[in-house]
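This document contains two forms of one protein chain, each encoded as structure tokens and listed individually as structure 1 and structure 2.
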Structure 1
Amino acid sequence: MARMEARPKPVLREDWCKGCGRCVEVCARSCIAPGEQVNPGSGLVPISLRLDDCNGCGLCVDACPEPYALVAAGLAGRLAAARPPAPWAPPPEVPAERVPVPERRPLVLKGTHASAVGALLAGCRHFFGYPITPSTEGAELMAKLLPALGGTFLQAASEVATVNHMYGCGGAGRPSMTFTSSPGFSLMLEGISYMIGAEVPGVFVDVMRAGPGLGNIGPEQSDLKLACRGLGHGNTHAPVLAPATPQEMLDFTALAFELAFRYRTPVVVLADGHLGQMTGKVSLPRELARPGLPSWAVPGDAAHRGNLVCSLLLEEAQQERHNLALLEKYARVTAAEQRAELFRCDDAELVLVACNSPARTAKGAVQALRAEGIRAGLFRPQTVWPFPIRHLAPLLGRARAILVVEASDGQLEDELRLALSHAGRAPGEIRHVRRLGGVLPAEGEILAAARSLSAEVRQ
């Protein structure tokens, strides 16, 4: 008969024992009994040990739900000696690289495809998405092109799954994106709030369609308010870019990745159904990006092991500090990232304000108004959050009126009015041309509204 080796007996660390008694039953030698005395440290009643008959079988240790209450002897000494470690120091950031490339022949691409190409040039190799018209061609192009570049395309179970794949991939430090459209964007908002809270980068291209509900697949600027004011619960903001051409679909998607990692944030590229389908000339940038690896990431390696991606802060004071830090970040974004195109605004008395596809029609209208002798200009926000008030403010002295042209119920005008209000600016008259339901403002109706507004303010 083999001799049993002498095995270490368990050590009870009384302060950490919650007295659950799960070890009591497992001991064949009745070494363990429910305790009777309250432990002054924990306020609980730990079990009591009498180890005279203990054979060191270890079953009690395996039964203890607390990792450091009933432990093997060697561990007990180490635990007692354990001191708070030095604060966790994540490794240095591996910065993204920019690789110059020679000029290429311009491509002819539709908006969604231009956006997908922009993502690839920006170094995105992970795509997650759920098909929804009119955004799907972007996803289809990614499905076609990513395998050749060693990338990953995953058609998710839903938009809810999509945003959480992005949360994981972004948390692991990789650039990822999705294409979606309004109803799908609604579904992603919970996850976007988590991404903002946990400061996870990712790019959302929302090819907006008419709503509410299922609406239709015609173009509408239906999600301006969601993107600017409603990115899920909590005090959330994220950069929102508004392209107006296939070229900008490429450029802004690439820019979105840069902003996403610069500010550790999701970034929304708001397109509309018209722009998604619009084909045009697209020049390629003269440099490509090779992503780095942020120091805060959780890629599953030794250097980053102490990192945590999390939006949960149980202490109110800590959560408040985190919110204040996010607000400070929003302020930095607001200071640095306002973008707008000004078209014939220098001497404009009448400023049209429009973004996305309606801005192109408005631009045509400005040309026609100028030909009639009306000093009109177009102010086109390229970022709708932050609203580019800094670029608009200098125009307000000369401009006597603003005409907001949009395919929504005033969602852009609300952003404009809020920005003016926060800037303490009282503009002249603000009027609007609004179409809904998949109908875009036509040049004729913009011209009619502009002429009558212009005549009115001249009197």
Structure 2
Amino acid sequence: MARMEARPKPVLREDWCKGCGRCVEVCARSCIAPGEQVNPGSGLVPISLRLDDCNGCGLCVDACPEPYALVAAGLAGRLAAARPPAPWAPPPEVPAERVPVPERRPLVLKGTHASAVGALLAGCRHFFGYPITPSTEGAELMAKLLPALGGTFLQAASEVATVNHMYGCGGAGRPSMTFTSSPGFSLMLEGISYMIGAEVPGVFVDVMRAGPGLGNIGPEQSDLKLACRGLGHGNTHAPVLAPATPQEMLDFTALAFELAFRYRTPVVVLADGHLGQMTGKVSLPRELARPGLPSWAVPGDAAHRGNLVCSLLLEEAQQERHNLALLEKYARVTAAEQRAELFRCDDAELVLVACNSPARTAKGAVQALRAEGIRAGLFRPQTVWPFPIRHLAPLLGRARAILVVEASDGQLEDELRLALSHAGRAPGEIRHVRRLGGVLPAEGEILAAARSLSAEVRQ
């Protein structure tokens, strides 16, 4: 009687196994058991094989829903000997284009409307958001204009849904944005952290209001700390622009899209409730953007099929390398993107530091102080992360004191002091004028504090 040839036993390809257990159920000899160890390549727990009693029936191979997770020994050998696939080569980048804008007379626009126009001129055709005062007017204008421009406006189910829509849109290489305010911005932080980790671009216009909690809809610089230091767990930073006029609401929103794709990162435009509702004269730029398509994007076509946008790296060494790469990117942003406006600072002995709406009042105070013979100047950070210490440092040799004017409990002053410390500069005398709860610093308060400080340092 001829001897039966032994049937091949199964071989497990761990990276493909998701541990569904179907093979465990069909094995009549209990050769397969649920696994206990996470596979670092897949993040899943593959099954374990004990093949001493296996008769090679093949039922487990037939039951496996994953291609080639459980295979016969012969096929496993042929797969191992097969030529490895060629390294993935993404397609070339489709560059963005600049298109001339016909000359137009200036417009009179509310701050949030100016920001929406800036987004449209930057090529944004995808908006996701959830209404929240005092930012809703920007979303309303996008809802009116985007359909006529072939774009997409989606009112999401929540702020959490909003940021995840933006993750998907940015991952496809498309410019997207949202308008929100302080409580809504807080809800978006987990998704922003994912976007930073996965290096996904997107623009967040946060029109700050008073807090904590729901607070009220009055203007406050309540989110400076969140935007500069709290964009999520891990080593998370993103550029934060601080406009002070409706014109800058337009210009900085357009700039935010440029930075978002230059550095593959979310960008925050940090306004306050007063600025969001303020109306002012706005001039349109001479060019608008026609977006391209980055080579790293995942838009769903065959050419980009090998790309991956993800923030999940389970191997510790790989995650460390990714963090080091992010830190290197933050260093490049810090070196290249510090922005500030200096007003009457050339000979200033007293430097006022303020941004957003309080900077407008502080500028008026500087003019009044100059009329009194006090050599005052205004240093206005236009980026609060990175803080523009490179522009401030040259003033410190002459300036005897700094007066920080803000509508928060010292969040701007903390950024100033931290930047001075990292730059190894002695801060000198630093005082402040602070208001909270939706109350902005008044010019009289600033003048009184400035006069007192100026007289003190001259003694």
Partner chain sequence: MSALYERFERHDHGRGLKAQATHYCPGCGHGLAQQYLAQAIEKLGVQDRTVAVSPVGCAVLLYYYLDVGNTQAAHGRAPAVALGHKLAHPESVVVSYQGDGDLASIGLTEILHAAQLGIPLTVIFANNAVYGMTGGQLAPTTLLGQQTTTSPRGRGREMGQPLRMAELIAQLEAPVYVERVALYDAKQRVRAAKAIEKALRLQVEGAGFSFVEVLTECPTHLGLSPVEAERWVKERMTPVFPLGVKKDVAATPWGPWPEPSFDPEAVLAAVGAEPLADGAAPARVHALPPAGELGFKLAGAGGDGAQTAALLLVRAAIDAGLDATHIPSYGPESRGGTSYADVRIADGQVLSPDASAPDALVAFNAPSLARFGPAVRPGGLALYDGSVIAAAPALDPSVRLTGLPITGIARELGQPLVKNVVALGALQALTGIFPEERFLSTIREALRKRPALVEVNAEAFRRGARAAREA
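Throughout, rigid core stands for the largest set of C-alpha atoms superposing within 1.5 Å between the two forms. Quantities reported herein were computed from a predicted structural model and do not represent experimental measurements. Residue positions are counted from 1 along structure 1's sequence.
Structure 1, not structure 2, represents the form predicted together with its partner chain. Once the rigid core is used as the reference frame, the Cα position of Glu25 differs between structures 1 and 2 by 2 Å or more.
Glu445: CA moves less than 2 Å between structures 1 and 2 after rigid-core fitting. Fitting the two forms on the rigid core leaves the C-alpha of Gly410 displaced by under 2 angstroms between structures 1 and 2. Relative to the superposed rigid core, Cys60 shifts its CA by 6.8 Å between structures 1 and 2. Core superposition places the Cα of Asp15 12.6 Å apart between structures 1 and 2.
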